[in-house]
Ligand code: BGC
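Below you will find one chain, with nothing else, as structure tokens; this is the form predicted on its own, and questions on how it binds or moves follow later.
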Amino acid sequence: MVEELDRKVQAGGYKTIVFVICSVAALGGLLFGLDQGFIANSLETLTKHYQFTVHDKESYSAILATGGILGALLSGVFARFLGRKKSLLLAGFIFTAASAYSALLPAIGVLSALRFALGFGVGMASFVVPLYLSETAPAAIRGSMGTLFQLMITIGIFLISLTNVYIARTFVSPTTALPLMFLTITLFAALMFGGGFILPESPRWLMLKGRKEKAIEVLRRTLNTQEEIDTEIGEIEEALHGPQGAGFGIVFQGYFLKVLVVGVLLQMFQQLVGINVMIYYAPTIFGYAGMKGIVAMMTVPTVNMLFTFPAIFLVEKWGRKKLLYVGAVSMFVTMVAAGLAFQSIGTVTDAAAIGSAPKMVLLFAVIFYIFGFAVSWGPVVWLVCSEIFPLEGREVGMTITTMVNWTFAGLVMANALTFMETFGNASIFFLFSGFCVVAIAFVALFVPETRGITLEEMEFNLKNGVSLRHLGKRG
């Protein structure tokens, strides 16, 4: 019946299964955001129930990143041997089971283990979902899928922040509020897990395993004409005759090591400019300045979501490098402003004694900081890392750079509150502003502009000894 309906779809349109694929993949990005944004407006409720110290808050927050490192490391193995579909199902099952068990409010050791498991699922999703989409969605919409995935992450952060605020204000008791917070994630995770069963396997993975007839069957479900199917199969077969992955030994190749260093440092600076401190701890930081309520709780997730939209258009209009400059300069100025605001507050802890001027400076600094990140270092770093690696080492490069991102995210989350407690609230903002300056110099000296050049041309430049900053220039 489904196949008969598919045959009736007009050529040039997309079949129902294509929209199902996109929807389930979007749930993967949404779940990424839900788990990443969970802490901000649930931390106070968690603290009431589990009696968290500052160190406990940092440890529970950061363990998601630890799981993400392992998930990113193993996702390539899962994707190669289990297939893309089964890997998606595994990630969906982990999301669902860990969230549902967390709703039972187990002992803190078990709860931390469950958050580690959620991080493992997030690490898998950040690798497998974009890979699956790029191999399964029709060519005309493949490019937009990566941006959609990143956008859905910010929407997930916004949604979980909003629902957690509502739950915390409606249900005062932590033993009631916390289960509802975890069950919100469980609901979306169950939708992803259930939806995964009706997805087709990636045709490229099927071809890689020598199952050409099965690959053709999948393409019949997603493409409209026999000509499109023949073209797609031809392109896959041609790609299969090329390099199929050189393994981790490729990191010892000089040309690959150069771009790997660029990718690693981009991901490192993406975290060292302080974004996850804002995502995870914004209500806590605003609380240090005597700011409570909906503004403190919802400013960061709302601005982060809204200002991701311009990046979709600006990344091609302005180019990657210019956006990185704009973002880094914006973040430098706003981090200095936030640091000065906290410096003027000093050691005052009474909210009534803190003037309105430093509060307003801090609020607008955070808003423009998030703007600077959301239109630049958020989406652009992931995009550049997907473009600069040569074909035979792309999976290796993406695996390593993704692990670096998670590693530095964990380091920042695990130490930020203690750093502020030890050196003063202003100190961490000045630290982040310093990293912004170093990031600007790094972009100027080593990062290529990758707009308007094919991946093959860039790979040719790389292997012919063109300097890193000029890899994106046509010969």
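If you're wondering where the values come from, they're calculated on a predicted model, not measured in any experiment. In this text, residue numbers run from 1 along the sequence as written.
The form predicted in complex with beta-D-glucopyranose exists for this protein as well; it is not shown, and the discussion that follows is about that form.
Contact with beta-D-glucopyranose in the predicted complex holds for all three of Ile157, Gly378 and Trp382, each having a heavy atom within 4.5 Å.
This chain lacks the partner; the member of Phe373, Phe389, Phe182, Phe332 within 4.5 angstroms of beta-D-glucopyranose in the predicted complex by a non-hydrogen atom is Phe373. With the partner removed from view, the residue among Thr222, Thr299, Gln150, Ser102 that has a non-hydrogen atom within 4.5 Å of beta-D-glucopyranose in the predicted complex turns out to be Gln150. Residues of just one listed stretch (270-278, 201-209, 316-324, 104-112) have heavy atoms within 4.5 Å of beta-D-glucopyranose in the predicted complex: 270-278. Contact check for Gln36: a heavy atom falls within 4.5 Å of beta-D-glucopyranose in the predicted complex. beta-D-glucopyranose in the predicted complex comes within 4.5 Å of a heavy atom belonging to Asn405. beta-D-glucopyranose in the predicted complex is not approached by Asn164, whose heavy atoms all lie more than 4.5 angstroms from it. Residue contact check for Asn304: one or more of its heavy atoms lie within 4.5 Å of beta-D-glucopyranose in the predicted complex.
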